[in-house]
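Just the one chain here, laid out as structure tokens, in the form predicted on its own.
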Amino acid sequence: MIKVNVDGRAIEVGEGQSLLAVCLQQGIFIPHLCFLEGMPESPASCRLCFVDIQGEPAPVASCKVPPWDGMVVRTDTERVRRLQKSALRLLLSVHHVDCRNCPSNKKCVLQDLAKFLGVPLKSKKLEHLQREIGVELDHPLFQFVPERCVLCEKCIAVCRQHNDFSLLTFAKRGFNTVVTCFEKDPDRLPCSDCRACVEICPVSAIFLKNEAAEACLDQPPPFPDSP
């Protein structure tokens, strides 16, 4: 067993997990958004899970670091919190904050992170940048709101887990990145009995289009044996 010390607490862990996964399993909270248990490799896109590791010159993303024997970790140093707050402020500066009309209200990861880090959802320190992409997810059941999306990649990951490959993918780049579906034929989409991408989305950026779509989910898939 590997022995690590996190915030003064001695922990014994096995191999094959990231430091972030180990800490979360031990009840040590590290802010994160894009990490998903079972992902082959975390995308580290949210830049929130920073920690200080003794001997390292700068904070590192804990989702990318495997524990090693004798590792000493601090999750709450001043420079770690400064980086996390900056990352969250940047994310919120391009997020359409309309909590009252959002299905994720009161159960939103962004709300929880903002409360934990003491960052207002509508920051006065950064100018809000409105994303006017105008791209819709071309899908018979699901709708996508790019202004809500935090690009955590969880919808893509769970789609891959359920189908051995992902029907969802990122399109465009940088500020204009959106989630899209590369399969356009509704008869070839195995989504009628699956809403994994909807359920995993932390901000309700992907959701069911209407009650008719909800009814469709109760029907068997057109090709049960298809990936």
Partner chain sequence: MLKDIDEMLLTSEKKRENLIPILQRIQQRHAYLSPDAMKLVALHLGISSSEVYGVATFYNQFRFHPPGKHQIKVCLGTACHVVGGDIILENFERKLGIKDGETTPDREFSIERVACVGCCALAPVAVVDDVVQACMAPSKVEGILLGFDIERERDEREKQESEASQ
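Positions refer to the first chain, counted from 1. All values reported here derive from a predicted model rather than from experimental measurement.
In what follows, reference is made to the form predicted in complex with the partner chain, a form of this protein that is not presented.
A.B. asks: Which one of Ile200, Cys194, Ile28, Ala171 is close to the partner chain in the model of the complex, taking close to mean a heavy atom within 4.5 Å?
C.D. replies: So the residue touching the partner chain in the model of the complex, by this definition, is Ala171.
A.B. asks: Test of understanding: in the model of the complex, would Gln161 fall inside 4.5 Å of the partner chain by heavy atoms?
C.D. replies: No, no contact at 4.5 Å.
A.B. asks: So in the model of the complex, does Trp68 come within 4.5 Å of the partner chain, heavy atom to heavy atom?
C.D. replies: It does not: once the partner chain is placed as it appears in the model of the complex, Trp68 has no heavy atom within 4.5 Å of it.
A.B. asks: Should Met39 be counted as a contact of the partner chain in the model of the complex, where contact means heavy atoms within 4.5 Å?
C.D. replies: Close contact is absent here: in the model of the complex, Met39 is far from the partner chain, nothing within 4.5 Å, heavy atoms only.
A.B. asks: Is Ile53 close enough to the partner chain in the model of the complex to count, meaning some heavy atom within 4.5 Å?
C.D. replies: Close contact is absent here: in the model of the complex, Ile53 is far from the partner chain, nothing within 4.5 Å, heavy atoms only.
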